[in-house]
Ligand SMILES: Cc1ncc(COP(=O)(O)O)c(C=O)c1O
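Shown here is one chain on its own, the form predicted alone, set out as structure tokens.
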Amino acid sequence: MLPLRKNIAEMTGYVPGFQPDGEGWIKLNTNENPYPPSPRVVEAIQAELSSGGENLRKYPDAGSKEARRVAAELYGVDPSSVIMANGSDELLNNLIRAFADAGDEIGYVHPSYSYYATLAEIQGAKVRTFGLTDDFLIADFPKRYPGKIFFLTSPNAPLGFGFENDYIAELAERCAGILVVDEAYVDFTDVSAMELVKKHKNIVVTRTFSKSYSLAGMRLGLAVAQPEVIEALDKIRDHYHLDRLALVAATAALQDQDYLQSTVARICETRDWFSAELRKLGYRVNPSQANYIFAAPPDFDGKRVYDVLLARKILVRYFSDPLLQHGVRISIGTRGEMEKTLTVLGEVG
């Protein structure tokens, strides 16, 4: 018998969205961007490889200095308030490692990103979840939340709504520990908590490059927080956690905001059109500020819709959670992909 820690032996690992083999699939289950990354990203990677691989034999910049500098300039903060990461999941993991001992409490909204629970289990931390009111506020949140960390996904995954900054600031005041605002989908809306980092010492904002920047394959993320928080995260991350290609890709992506805005606008336009068309079919569609929608069919049988689409090689995300099983989460693809999806849904009801 291997001497595994008891909580690791007993836990259930996080299950990511299904990755299909073969061709012909319309993949709308993992909120990937349907458009390629900025051409400047491809150029930067090709330039890094132009030496015939000579650069690859050397370690990358352990401090990600150039990428941090560019991000800091974009967000109007000092580079000491920025850290780059191997996906935003690395940040979520290291924030728990830095702030929560085994037995300490972390909290989050349910439903939201289920990986928070997995990371808490790994650390041996306790979990406390909070539901939502009908107007998408946190139900029964205490005047003073004593947990070490509270994770707030905004826009919420999988429901798609975002929290207003006044409300986030109020939550920060009520948190004894840190408030992590997980902004994985924030580029698809016009409200960000980034400005609150300067005013509230316990707010951390995390971002990913996987969605709006079309770099899910590069595993990139960043966080903006007070320098003391960044210093702590720097202590516990892997020393060479980003490779050379990822670093140049991140820097180039951040520098091409025009391309970002153009692709985001296309996705949002398709999202709003698709939502309206689904409502015509009798679907209940949550208003979304992200690159996906959560939609419930007239019979509130999300598994039926998932199975019908799967049979036509269209992948969406179904959750068996009782709070979510009435619908499906559908990532926004190209206009053509969404037209095909709509056609199938129109045929089967």
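Position 1 is the first residue in the sequence shown; the rest follow in order. What you see is a predicted model, and the numbers here were worked out from it, not measured in a lab.
There is another form of this protein, the form predicted together with this ligand, and it is not shown here; the text below is about that form.
- At a distance of at most 4.5 angstroms from this ligand in the model of the complex, none of the three residues 48, 68 and 249 contributes a non-hydrogen atom.
- Just one listed stretch, out of 216-224, 232-240, 75-83, 131-139, contacts this ligand in the model of the complex at the 4.5 Å heavy atom level, and that stretch is 216-224.
- Taking 254, 193, 92, 159 one by one, only a single residue has any non-hydrogen atom within 4.5 Å of this ligand in the model of the complex, and it is 92.
- The partner is absent here, but in the model of the complex a heavy atom of 113, alone among 145, 259, 113, 163, sits within 4.5 Å of this ligand.
- In the model of the complex, this ligand lies within 4.5 Å of some heavy atom of residue 87.
- Under a 4.5 angstroms non-hydrogen atom cutoff, this ligand in the model of the complex lacks residue 150 among its neighbouring residues.
- Within this chain, residue 184 lines the site of this ligand in the model of the complex, having a heavy atom no more than 4.5 Å away.
- Contact check for residue 271: no non-hydrogen atom falls within 4.5 Å of this ligand in the model of the complex.
- Shown here without this ligand, the chain has no residue in 236-253 lying with a heavy atom within 4.5 Å of that partner in the model of the complex.
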